[in-house]
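Same protein, same chain, two forms; see structure 1 and structure 2 below, as structure tokens.
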Structure 1
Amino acid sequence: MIHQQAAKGLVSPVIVAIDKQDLNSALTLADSLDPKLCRVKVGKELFTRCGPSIIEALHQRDFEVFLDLKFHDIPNTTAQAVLAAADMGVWMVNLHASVGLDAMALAKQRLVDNGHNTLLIAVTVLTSMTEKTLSQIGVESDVESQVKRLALLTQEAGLEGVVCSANEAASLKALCGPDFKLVTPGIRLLDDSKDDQKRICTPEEAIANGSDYLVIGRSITTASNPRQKLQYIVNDCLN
């Protein structure tokens, strides 16, 4: 059954990353959160293990879902995968901007043709990547130049926005305009571990830089009381 997104008027920019390895753990975490204060993100591992059942279960709990699978394939395959995600009723889905202009435009057109309002965004440069990482795969641009190049390509294709680090948010808002949505992972509180993220930012810094949505994982999900930590971030860090 296609989930009908509720018009909840959710104004919180927080998207909690449900990075668990099984359905029960994921739903236990979801039940410790409040859909009035956040959306949730389902990534590759959890979706691969659980499939559409995790999306349906989260929708039943009234969460809007960002399906973070970063599609990257030939144009028709990419577009059909995006459409399949939209058919599940997800709020947002993404693909890699490096898939190219034609594939991005086709994916967006598929959503329009089928009457979906699912947000479609593109990944520019993963927040774990540095200039050294880009050089290793043959990209000689610095991170910021590559992010800008891919963001402009995404905008040309008609997508709603990009995933980017907060470090690039201000320049991307200036480059692409205020309506171009910026989704920022790598959000940490000041006393958190950086873990595997290289380009991170606090919630306050990310919003000040122009980020529209903040993907927050461990800061909330490893807290002794995730709902309380979420409430703190929304009420104290973002107001």
Structure 2
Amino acid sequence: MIHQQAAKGLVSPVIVAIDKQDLNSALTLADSLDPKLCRVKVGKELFTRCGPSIIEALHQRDFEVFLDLKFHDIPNTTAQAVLAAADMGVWMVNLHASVGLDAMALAKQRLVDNGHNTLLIAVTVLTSMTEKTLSQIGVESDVESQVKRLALLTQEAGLEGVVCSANEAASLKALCGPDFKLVTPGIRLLDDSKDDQKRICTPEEAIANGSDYLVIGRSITTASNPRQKLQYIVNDCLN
């Protein structure tokens, strides 16, 4: 597959969030980036609007894709959705760890059985959730304990890692070990706008905390020259 060949040797930890509403603006943004310097993330809004055509178009441009659809369903449906993503050739896909141990393990097994090496990661607790929102859905533990519990469950199920805040990365690395991948959004340079993110880290801080992949959206996508900003982050901040 073209994208897998193109990605050989890609060492950049940056995943640019393509948070656009239609194919044209998503591809205009992609064309302002460089697949040798980043991967890209396609989320629920863009995928629901464009479908697999956005993935194909990004692969044609040699980008590796993180399909961020956060699947959450009964075990067979979750596993089949993960397999469908892998069949499209995406590099990484995710589900909610709250589907449970057996469902996560089944999804991983479905990938293995079909010869896919697609990275499968889990969302522990959404960063929009607080102790109050957890309590409202019957989870009586604090956010940090719940994140740790679900990260360990994800690891036990054989998945590659979790999405987490870069502020949680150090403690999760200590808990789960160096091979467990941490994918962290909420990244801003010191002079960027925070937008709606509350707890942010710079790229340097995120890597120092143990992040393996940095999901960066507006810091790059709203820059006057996204390619230059991406180059600056990869070459100056992370080297």
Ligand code: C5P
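Throughout, rigid core stands for the largest set of C-alpha atoms superposing within 1.5 Å between the two forms. Residue numbering: sequential along structure 1, first residue numbered 1. Keep in mind it's a predicted model, so treat the numbers as computed, not measured.
Panel number for the form predicted on its own: It is structure 1; that copy is the form predicted on its own.
For residue 139, decide whether the Cα shift between the two structures is 2 Å or greater, given a superposition on the rigid core. Shift of 2 Å or more: yes.
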